[in-house]
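One chain is shown next in structure tokens, namely the form predicted alone.
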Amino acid sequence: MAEIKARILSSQVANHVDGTVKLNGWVNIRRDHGKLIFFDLRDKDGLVQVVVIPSSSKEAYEVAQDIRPEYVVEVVGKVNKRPEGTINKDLASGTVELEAKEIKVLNKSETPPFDVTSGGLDIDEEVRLKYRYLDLRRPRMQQNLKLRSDYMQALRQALVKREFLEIETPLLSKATMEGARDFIVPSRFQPGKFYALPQSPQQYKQLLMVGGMERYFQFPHCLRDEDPRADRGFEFTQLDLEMSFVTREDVIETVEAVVVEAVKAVNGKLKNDKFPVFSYADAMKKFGSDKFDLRTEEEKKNGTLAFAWVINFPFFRPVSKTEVSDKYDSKSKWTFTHNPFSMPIPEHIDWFLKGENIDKILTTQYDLVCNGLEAGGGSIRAHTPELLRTTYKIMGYTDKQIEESIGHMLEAFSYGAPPHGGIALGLDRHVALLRGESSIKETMAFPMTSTGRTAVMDAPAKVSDEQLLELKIKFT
């Protein structure tokens, strides 16, 4: 047989009836019918049925007798139409089958610890994540990650079309106050000092606005040392963007258009192209929560996404005795509800600067909610030293503490910072909503376990005494 050099995918096989083709993939299911052996070959596009007939190829039949599920194989064969009664309408290749002429085993497989052809949700999470590279083979996970990639590209294209620049910001930085504990990294060159991993690129994106970038976005990896749960872990990915010379309405209008465009690009179902807007007070009065679900029962069954905006949040709240991060963020009885870089609504700036009616001051924060979950949050930012300094004064910081914490931001704002605002959208959550998944872990390639351990690799782990000595660290 002449060598077939080009491999095709399972989705293309039906276009080659009566031709000879080559496929690579995994053995999905094998069935031995005595004189015939059938197996489904799985690749990134789906499945194709392979039939092995001794009279057609004795060598292929001998190899097929020994192959097992999850073996990696190469198959060369003739594409035949299936008999009418055996057509599988659920498969792209369901009208044909591949009559094997040659089979090569490219790699054998041990028996997997679980079935990779099922949905997998009934399997213990710790086991699934330990063998995540096998878990990713299941069709549901492949579809989830493909949708994630497609959605990211749709968001990116929508933003680039609107003249946003994709700009990366540093991972090693200084601790910031954003409502959670920071992960810290010791410095070898400066013993006793530490970097912090970013909870978000909040300060850097504002500095980009000071730098005249005007329209920025990126998909940053963010890290927060908080208790993991189904819809949030130590690591998560955002769509982060910022805009100069804008009002709250400008940001909302832009983000709404980008989200609608991207959701439609991946065939998502929207309840409304125009998202309704609720004040925080009205949302709490009407729904009892600022994260509400506007769908009907029928829309819930159909996987419809019902987005809405919530605006006019309280700027400050009393310090919580149970919220650990509050004791790090505040030196008084008040702390911020969103982040300390927000701006009060124009009507309350006078109260804000005078430190009056603190419990009544509203902020320009806006949250995007969807199907009862928070899908994003942002605000118009403080852009003058006076405004930013006042937030910290209300939280009880001395001039020295303010300078130590955000002196670099105050200095940057002293050189003519434009009015600006932005938002961070939870990418993991958006994909989970689009796919109808209850946990963001189902939309991530290698998420952490519920106890904060990494998938596959055994971390956190001990390091050698030599490393600790070099970093000037010892345990007490």
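We number the residues from 1 along the sequence you see. Computed from a predicted structure; not experimentally measured.
Same protein, other form: the form predicted together with ligand ASP, not shown, and the subject of what follows.
Although the partner is absent from this view, Gly378 contacts ligand ASP in the model of the complex, with a non-hydrogen atom inside 4.5 angstroms. Contact check for Asn339: a non-hydrogen atom falls within 4.5 Å of ligand ASP in the model of the complex. Remark: Asp182 does not count among the residues lining ligand ASP in the model of the complex, judged by a heavy atom distance of 4.5 Å or less. For the chain shown alone, Gln238 is a contact residue for ligand ASP in the model of the complex, at least one non-hydrogen atom being within 4.5 angstroms.
Here the chain stands alone, but in the model of the complex its contact with ligand ASP, taken as any heavy atom within 4.5 Å, falls in 416-424 among 432-440, 60-68, 416-424, 35-43. Of the listed positions (Thr391, Ser93, Gln202, Thr363), a single one reaches within 4.5 angstroms of ligand ASP by any non-hydrogen atom in the model of the complex, namely Gln202. In the model of the complex, Arg224 is the single residue of 206-225 with at least one heavy atom within 4.5 Å of ligand ASP.
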